[in-house]
Structures are given as structure tokens and as C-alpha cells.
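One chain follows as C-alpha cells, the form predicted on its own.
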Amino acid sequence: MRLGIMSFAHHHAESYAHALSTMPDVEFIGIADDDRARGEQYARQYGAPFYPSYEALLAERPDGVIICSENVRHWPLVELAAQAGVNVMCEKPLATTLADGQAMLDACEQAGVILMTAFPMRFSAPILEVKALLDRGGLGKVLAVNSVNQGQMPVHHRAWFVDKELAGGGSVFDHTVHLADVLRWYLDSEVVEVYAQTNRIMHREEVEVETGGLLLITFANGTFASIDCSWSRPLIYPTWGGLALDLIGDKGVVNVDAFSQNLTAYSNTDQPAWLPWLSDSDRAMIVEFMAAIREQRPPSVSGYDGYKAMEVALAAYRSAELGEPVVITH
């Protein structure tokens, strides 16, 4: 399977490149980046060719590409790939507006190529175990969910994450979509109402986007859920972020932490670090992307899934602006 990466703007590209360069059934054909210095640096790091333009990479006719650009640039790159007849896995959030997201869905459908959203939590072993529990009725009807996707403020990882024009927003856009997707998948139901409050209490002097957020959401099946999507981890925290849920059903309760499979390493010189021994959800996600291409079928996480998760985040911004719940119609 011949795969390439379009843009290294998103730090997740590093994990994807590592996976591609170590998978025996993958030919990592290379990296294209509009930031030449950045692209060449990572091409050297992963022993992959560097292409001076996205068109040059697509001209090599890869089976698929992974798009890791700034959020606002997802749509132009997806359009390029679709026009070239190349399958796409795109970083989250899928886009920064519903119009761009719909245009991405339409372009890939018309071109007959796959559009997969990069939601690695769908491939996390603990998250999958709870999905199996729900599917066999182990909790009965899920009445309520308390969920968190907290993390560090990402300015030290990639500065564009706190640029509203490039990212589409702050912590709400960055962290809501993962949980919105997991909850839709767990409950097999759509979000019908969102109420949100946001603030900039943390890191007020450093950035102009929101750094804290709490969403209260209602699903069509009646389940009520909360999402804490704040950049509330200290900058010396051992890891970038985390995702956890408490699910309350009429037959029981379960707690799941997608990032608890690790050891904490301490030293006299560096900040504490997590040494993960967990299964690699990024790698498993790429395996699914490859399988969908090979079997000519829709991926288990679609572009539409990305669109619906983005819809929840955008509704949260609208709710925070209005100070009242926002209804999502279907």
C-alpha cells in the first residue's frame, strides 16, 4: 500500500509517519509540505522523500494520503486529493465550517474516493472494550455520561492551534470532536441540543482563543452527557492530553480511561514523562484506512462522522455566544 502525508502542520503527523515507516506492508512514498523547512526536516527524520508541492506528491499516484494541515486548510487539500482520485484520511476537526465540511463530503463522493476522519479513539483498546459492553447490553439503557478530554495548551507543540483563523477556535474545537464522535458511536444516536459555556481563565495572557469549555448535550434517545474540553493540564504535565468517560446505565456504571496504560518516568533533569505500553490506536486507525482502500468499502470512521462531530463543536460556539441551548436539526 503506497501512502503519503500532506503537511506536517499537525503534531499527530509525527505518530502517523512513525507508523508508516515501520509497517511492513506500507510503502511510505513521502511528505509534502508548504513549509519547506519543516517538511524537509521530517522527511530526513523518517527517511522519506520530500515533495516540493502537494501536486507533486499526488502525481506519484499514492493509494491514499493522510492530511495533517492546519484545520482551515483541510478542505483545499482534500479537494486536491479527490481531484487526483486519491483516497484521504483527514485530521480532525474535519473542517472549520459546515459548508467546507459538506464540500469535502461531496468532492470525495463525486470522485469515488474514501474520506476517513482521523478519530484514533475509535481504535483505543479500552474504548473498544466499553463499546462491546454496550453492544451486548451490559449497562442497559445509558442514562447519562460524564466525559473529559483535557490537555495542555498546545501552543508549545504547534503555535497555529491557538490562532482562531487557522484552527477555527480554541479548546472547544480542539477537544470536543473526539468525545462527540465516541458518544455518537456508543449511543447510536444523534445530538439534538447543545448548551455550552467557555472561558479564558487559564492562559489568559498568552492566547486570545478560549482555553476552557463545558458542554451539556442531549441525544435523540434521551441520554444526557457533559463534555469538559479544557486545556487545563499544566505545561509540565507528563503527556499532551487525555480522554475519559463515566457512563451511567440503568443496569450499571462503567469508567473508561483511554490513556491509563502507561508508566510514569521521573528524572532529576526532565519533567515527568509517560511511557505508554498501550495498544497503538494511531497504527490501528491507519490499518483500517488501508483495509477500506484494499477492500473498496467505506471506512469504519467516515467523513460524515467527522462532519457530525464538528457540528456539535460549532453548536457549542453558537450556544456560548447566545447564552442559551442550541438545537441541532436532522
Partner chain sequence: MKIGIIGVGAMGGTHADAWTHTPARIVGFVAEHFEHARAMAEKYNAQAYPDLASLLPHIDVIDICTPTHLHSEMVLQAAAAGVDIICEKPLARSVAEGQKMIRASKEAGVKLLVGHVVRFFPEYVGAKRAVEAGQVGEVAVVRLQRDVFRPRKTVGNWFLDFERSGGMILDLMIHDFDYARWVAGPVKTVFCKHIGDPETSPGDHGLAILTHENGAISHVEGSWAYPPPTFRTRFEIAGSGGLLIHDSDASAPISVYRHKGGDGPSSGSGEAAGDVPVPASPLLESPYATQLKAFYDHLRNGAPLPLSAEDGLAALQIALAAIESTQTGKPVQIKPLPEVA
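Bear in mind the structure is a predicted one, so any value in this text is a computation, not a measurement. Positions refer to the first chain, counted from 1.
Quick note: we don't show the form predicted together with the partner chain, though the next part is all about it.
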Given 174 to 182, 70 to 78, 121 to 129, 205 to 213, the stretch touching the partner chain in the model of the complex at heavy atoms within 4.5 Å is 205 to 213
Partner-free chain; cross-checking the partner chain in the model of the complex, the single residue of D188, D250, E109, E165 with a heavy atom within 4.5 Å is D250
Sole residue of Q83, Q102, Q152, T218 within 4.5 Å of the partner chain in the model of the complex, by heavy atom | T218
Mark S232 yes when one of its heavy atoms lies within 4.5 Å of a heavy atom of the partner chain in the model of the complex, and no otherwise.
-> yes
T198 within 4.5 Å of the partner chain in the model of the complex, heavy atoms = yes
Contact flag, L133 vs the partner chain in the model of the complex, heavy atom cut 4.5 Å = no
Using heavy atoms and a 4.5 Å limit, would one call Y237 a contact residue for the partner chain in the model of the complex?
-> yes
Three-residue site M1, S21 and D63 fully in contact with the partner chain in the model of the complex at 4.5 Å by heavy atom = no
When the partner chain is considered in the model of the complex, the residues of 122 to 149 having a heavy atom within 4.5 Å of it are L143, A144, V145, N146, V148
